[in-house]
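Only one chain comes next, encoded as structure tokens, the form predicted alone.
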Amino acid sequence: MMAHVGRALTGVAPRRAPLAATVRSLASPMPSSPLVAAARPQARGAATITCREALNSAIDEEMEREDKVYVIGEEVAEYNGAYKVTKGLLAKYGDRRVVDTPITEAGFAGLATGSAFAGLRPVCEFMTFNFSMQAIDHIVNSAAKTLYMSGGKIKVPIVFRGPNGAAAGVGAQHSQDFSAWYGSVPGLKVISPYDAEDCRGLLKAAIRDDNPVVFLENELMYNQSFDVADEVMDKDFTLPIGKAKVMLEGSDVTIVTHSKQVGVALQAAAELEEKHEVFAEVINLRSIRPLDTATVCESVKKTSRLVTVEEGWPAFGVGAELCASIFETEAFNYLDAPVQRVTGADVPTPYAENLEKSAFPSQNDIVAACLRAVDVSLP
């Protein structure tokens, strides 16, 4: 164990180029200064789009491609969507394919699920996944189970999408992360995108999938901009559901996370390299179910340490499932330190700003967990 730590601290492990500023620019998709923008590497012919634009264009192109695709939910039509993800779709496709509903999640989720039984391909928007609790019977008992219970005769090609997890100052009832909830249900596919490439490629894949897909976006990421390559803007660009992405290669510790926390993890990795000469590998899960445990296990075999990061509660969470995937495979034999879990606090989300900030993982939390994993003491 200490030999491995020694390699990390003495720099014997292969060093990456000193791109901490670049990593920060990629990890922190806030409106950037000219200096940060200049540091961000540009793909040939790259475009810059927000997550909102990525989602909107994905839905638009899939509606254009297949006339069985339609959108349903509260304020998706006349108001262009509560978060403007469906902006312009009513004007382009009309009110038969962009359907406003009353405030009745159980009603429109049931209607959408039934229409999927009949061969349509609904994109059902929840204004927030906290409200999906009103419709959970349709998601878990109707959509998720019907293919199995019909002996494979009835497909359910539906996407349930909307913002998931904490936003800012919206209180306990509007701040829950449902990744682990829906990730535990057989029959569902569950996606948790991070950046614009994820949003566009995975939403298009979800709409084309013949299975029910829960698509967990993040409200705080909608307006964040990312550079994407030309291929991402192709109308047939999709990403495979169930395949994670290695965002940053490293040799000393593996950080596995999803959604907004991918950016925080990349910032933490930059700090670890710059201040501690610890080289972290950062994995963006992208999919919660199916979970790409193979990519995680291969990374752990390389780094011998694992840190999981999520905004959900610690009990029965995504991190706990990742731990089990390591314990149940040969990757367990490669661990040189206990797995570190960084999670949301085990409390209802506080409304007070200072308490809310403390309730979710921070860059400092991730750095501290990684240093514990490599047995480096904080100053």
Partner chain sequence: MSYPKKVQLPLTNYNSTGLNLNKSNLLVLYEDMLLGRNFEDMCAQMYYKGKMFGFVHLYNGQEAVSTGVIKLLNPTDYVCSTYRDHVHALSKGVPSKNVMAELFGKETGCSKGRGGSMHIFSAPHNFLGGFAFIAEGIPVATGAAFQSIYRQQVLKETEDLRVTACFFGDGTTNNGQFFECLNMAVLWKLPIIFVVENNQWAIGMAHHRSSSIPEIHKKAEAFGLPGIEVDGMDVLAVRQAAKQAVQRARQGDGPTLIEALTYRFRGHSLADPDELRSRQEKEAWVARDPIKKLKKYILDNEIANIGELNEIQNAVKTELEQAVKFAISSPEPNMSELKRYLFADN
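Positions refer to the first chain, counted from 1. Predicted, not measured: the structure shown is a model, and the values here were computed from it.
We do not show the form predicted in complex with the partner chain, though everything after this point is about it.
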Quick one: is H174 in contact with the partner chain in the predicted complex, heavy atoms, 4.5 Å cut-off? yes
Would Q340 show up as a contact with the partner chain in the predicted complex if we use heavy atoms at 4.5 Å? no
Can you tell me if Q134 lies within 4.5 angstroms of the partner chain in the predicted complex, counting non-hydrogen atoms only? yes
Taking the partner chain as it sits in the predicted complex, is G152 near enough to touch it, meaning that at least one heavy atom pair lies within 4.5 angstroms? no
Any chance all of T101, G169 and A345 sit within 4.5 Å of the partner chain in the predicted complex, going by non-hydrogen atoms? yes
Looking at 142-150, 222-230, 188-196, 124-132, which one sits within 4.5 Å of the partner chain in the predicted complex if you count heavy atoms only? 124-132
In sequence order, which positions of 68-97 have a non-hydrogen atom within 4.5 Å of the partner chain in the predicted complex? E75, E78, Y79, Y83
